[in-house]
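Here we start with a single chain on its own, the form predicted on its own, put down as structure tokens.
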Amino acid sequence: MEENILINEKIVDDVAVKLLQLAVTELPRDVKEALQRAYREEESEAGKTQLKAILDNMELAEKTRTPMCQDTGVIIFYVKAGAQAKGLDKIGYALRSATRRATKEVPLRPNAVDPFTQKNTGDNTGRFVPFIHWEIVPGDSVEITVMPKGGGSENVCVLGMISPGQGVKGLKKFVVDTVINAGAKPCPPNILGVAVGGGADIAMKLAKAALLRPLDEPNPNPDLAKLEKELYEAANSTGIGPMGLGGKITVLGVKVEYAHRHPASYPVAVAFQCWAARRASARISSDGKVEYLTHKVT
């Protein structure tokens, strides 16, 4: 039987290198537009100055094809693998290879450090790094999304196990308190991924995945769409502002996800993404065709 071109490691490797290069040098359209809108709407002089610097930096990164931030993050891949695709076992190897290549070619800052020896591997790979989230979907194509996650926004991600009796009211308070406690550390304006339910690990996984949803994509659940708007307005009412220097724009958006929970548990996770909300996606079809979903590639 002829091997499906989809599993060709070289194709996956090349696509993943391109995704990493795109992610760290060019923000997706929805993020660019949100930052431009934030600049227009910000009333604080200090905040507006910071947003202008962000926009200038964003433009320069695109023009020179160099990373928009020195912290190119820990590499996380999200893979939607078609159930009919062959050789899925090769994708993990290709993504690790691509991470090593991108570290040299883009370049990316080496950010994979052994927590016990404190040694940096030098190529952004290590135990469980890059981390790969797998999802089996119908079909025979493979969709790959990369999210480089910087340390500043990662350090303020929080999981709380609140009392079930507090419910949504407690969830709202927890999110706003988390934003206030984070302050300037996650390089605002931020995007918040908020998830409730499931369990400790499930909630944080869902919160991080929520960061991948485009800012201009409304939540299909009207109750969650309303909650997202309420949390967005509450977070921006804190006055933290761009880079923590004060202003009305502290977050660019809030994305909420949930899972059903145990009666005795009410886990709430808040995942922060910095203004450099880097992500890039591509789909590799069964005939080997590559379609970039988040960026224009000529």
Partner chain sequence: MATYKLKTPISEEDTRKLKVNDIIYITGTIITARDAAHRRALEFHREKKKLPVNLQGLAVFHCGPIVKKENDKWIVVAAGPTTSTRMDLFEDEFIKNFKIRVVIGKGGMGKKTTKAMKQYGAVYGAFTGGAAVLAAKAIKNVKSVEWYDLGMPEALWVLEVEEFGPLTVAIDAHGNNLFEDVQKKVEESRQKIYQKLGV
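Positions refer to the first chain, counted from 1. In this text the structure is predicted, and so the values were computed from the model without any measurement.
Quick note: we don't show the form predicted in complex with its partner chain, though the next part is all about it.
Report whether all of 45, 185 and 239 sit within 4.5 Å of its partner chain in the predicted bound form, measuring from non-hydrogen atoms.
-> Checking in the predicted bound form: 45, 185 and 239 are all within 4.5 Å of its partner chain.
Should residue 67 be classed as touching its partner chain in the predicted bound form when contacts are defined as heavy atoms within 4.5 Å?
-> Yes, residue 67 lies within 4.5 Å of its partner chain in the predicted bound form.
Wondering, does residue 230 line up within 4.5 Å of its partner chain in the predicted bound form on heavy atoms?
-> Yes, residue 230 lies within 4.5 Å of its partner chain in the predicted bound form.
Even though its partner chain is not shown here, does residue 57 get within 4.5 Å of it in the predicted bound form, heavy atoms only?
-> Within the cut-off, so yes.
Is residue 154 close enough to touch its partner chain in the predicted bound form, meaning at least one heavy atom pair within 4.5 Å?
-> Judged by the heavy-atom cut-off of 4.5 Å, residue 154 is well away from its partner chain in the predicted bound form.
Ok, 180, 200, 225, 162: which has a heavy atom sitting within 4.5 Å of its partner chain in the predicted bound form?
-> By the 4.5 Å criterion, the partner-contacting residue is 180.
Quick one: from 88, 137, 176, 113, grab the residue that has a heavy atom within 4.5 Å of its partner chain in the predicted bound form.
-> None of the others qualify; the residue that does is 176.
Sort through 91-99, 185-193, 142-150, 125-133 and report the only stretch with a non-hydrogen atom within 4.5 Å of its partner chain in the predicted bound form.
-> In the other structure, the partner sits against 185-193.
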